[in-house]
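Single chain ahead, written as C-alpha cells, the form predicted alone.
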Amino acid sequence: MSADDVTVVPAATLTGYCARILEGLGVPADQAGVVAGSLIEADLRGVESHGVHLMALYADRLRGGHLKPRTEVTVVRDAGSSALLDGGQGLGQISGMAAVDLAVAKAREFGVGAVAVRNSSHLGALGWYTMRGADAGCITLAAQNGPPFVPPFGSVTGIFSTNPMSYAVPAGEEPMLVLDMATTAVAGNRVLLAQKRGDPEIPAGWANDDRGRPTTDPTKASVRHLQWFGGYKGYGIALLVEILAGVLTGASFGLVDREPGELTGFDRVTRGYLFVALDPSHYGPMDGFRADVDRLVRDIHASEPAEGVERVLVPGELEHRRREQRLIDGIPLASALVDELDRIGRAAGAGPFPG
C-alpha cells in the first residue's frame, strides 16, 4: 500500500465521525462515544484489525436488527468476588466496560474480582479493557469466545472463534505491560483487512484456503481456516478460553447456541467473556509491586539482544510508542477504508467523511 493510498486523519476527528455514524444508527450519544473511542484507540495503537475497520460490521448488525442499538446491561447474579452480567444483545463495548469496572471494584474489596458476561457481542480489542483495569492499579485478564469457524487442531470442522485473550499489568515509572492476542496465529480481521486493502500477500502461517491448505494469497485465504499459533498449544489455550468465556458464563459455545436470536452458528453475533482483576495491594505493598515490575522490565531491556535484534522489548511497548506518534501525526487509513466509512456515514446521516 503506497502513501498515495493512505489518508491521515486526526484521532479526535475520526472519533467524532464514527460516533455520529453510530448515533445515526440509533445508538445513544454516550454509548456511541464509548464504542467509537474503543475503535480509535485500537487504531492509535496500530491494532487496525480492531479499529474503525469494524464500523462496517457493526453498522450491518445494527441495521439488520442483530444488535440492539441501546445496550441494557443487567445483573444476573452478584456474590462476593464474582458476578455474572447479561449484555442484552447490545454493543459489547458497553457491557465490557461495565464488567471490567465491576471486576476492579471487587478486586479492591476482596483482592480478586471475576466478572463474566453472556448475551453480549464483539468487544473490539481486549487490551482496551485490560489497560483500563491496569490504569486502576489491577493486574487484569480478559478472555472472549465467539462464533464457531476455526477447526480444532487436526480437524476441518469449525468449533471455535479466534478466542482472544489479554492481560495488562500496572508498573511504576515504566509503561504498563499489555498483551492482546488471538489464540489463532492472527485475528480473522487481519485477513479481512488485507483483503479490503488489496494486499498482494499475507505472511505464511496465518491462514489456509477453504480446503485447509496453507496459503499466502489473501484472495484465497479463509477466515474459517485460520491457523493456531504454536499449533496444538494455541489450540489448547483456545479450548480454555471457550470454557471460561462460553461454558462458564452460560453463553453460546462451540456448536451450542444458547442465546435468543435468529442467527446461529457462524452467523451468531452474541458471545461471552470473562474479566479477572487482581489487586496487588492485597498481596503486599503496592509501591513495592510497581517497583518490582519496573525492575523486571529493566532487566528484560538490559538483556543481550540476539543477532539481528536491535532491542529486546516487552509486550505493549511498540503499541505505546505508536499511540504517542499517531496522536501527533494522525491515524493512517487505507483509501478503501475511507471510501467505506464515507458510504456508511452518508447512509447513517453523518455526512461525508471529513477531510
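Think of the rigid core as the biggest set of C-alphas that the two forms share within 1.5 Å after superposition. The numbering used is simple: start at 1 and walk along the sequence shown. The shown structure was predicted, so the numbers you read here are calculated from the model rather than taken from an experiment.
Beyond the structure shown, there is the form predicted together with another copy of the chain, which is absent from this document and is the topic of what follows.
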In the model of the complex, does Gly64 come within 4.5 Å of another copy of the chain, counting heavy atoms only? no
Evaluate Arg258 for contact with another copy of the chain in the model of the complex, applying a 4.5 angstroms cut-off between non-hydrogen atoms, and reply yes or no. yes
Gly172 versus another copy of the chain, in the model of the complex: is there a non-hydrogen atom within 4.5 Å? no
Tyr283 within 4.5 Å of another copy of the chain in the model of the complex, heavy atoms: yes
Only one of Ser95, Thr270, Thr184, Thr130 comes within 4.5 Å of another copy of the chain in the model of the complex by heavy atoms, so just point that one out. Thr184
Interface check vs another copy of the chain in the model of the complex: of Ala194, Ala125, Val104, Ile139, the one with a heavy atom inside 4.5 Å is Ile139
Select, from the options 83-91, 67-75, 194-202, 216-224, the stretch whose residues sit within 4.5 angstroms of another copy of the chain in the model of the complex by heavy atom distance. 83-91
Do any residues of 199-237 have a non-hydrogen atom within 4.5 angstroms of another copy of the chain in the model of the complex? If so, which ones, in sequence order? Arg211, Gly212, Arg213, Phe229, Gly230, Lys233, Gly234, Tyr235, Gly236, Ile237
Note yes or no: does the Cα of Asp210 move by 2 Å or more between this form and the one not shown after the core is superposed? yes
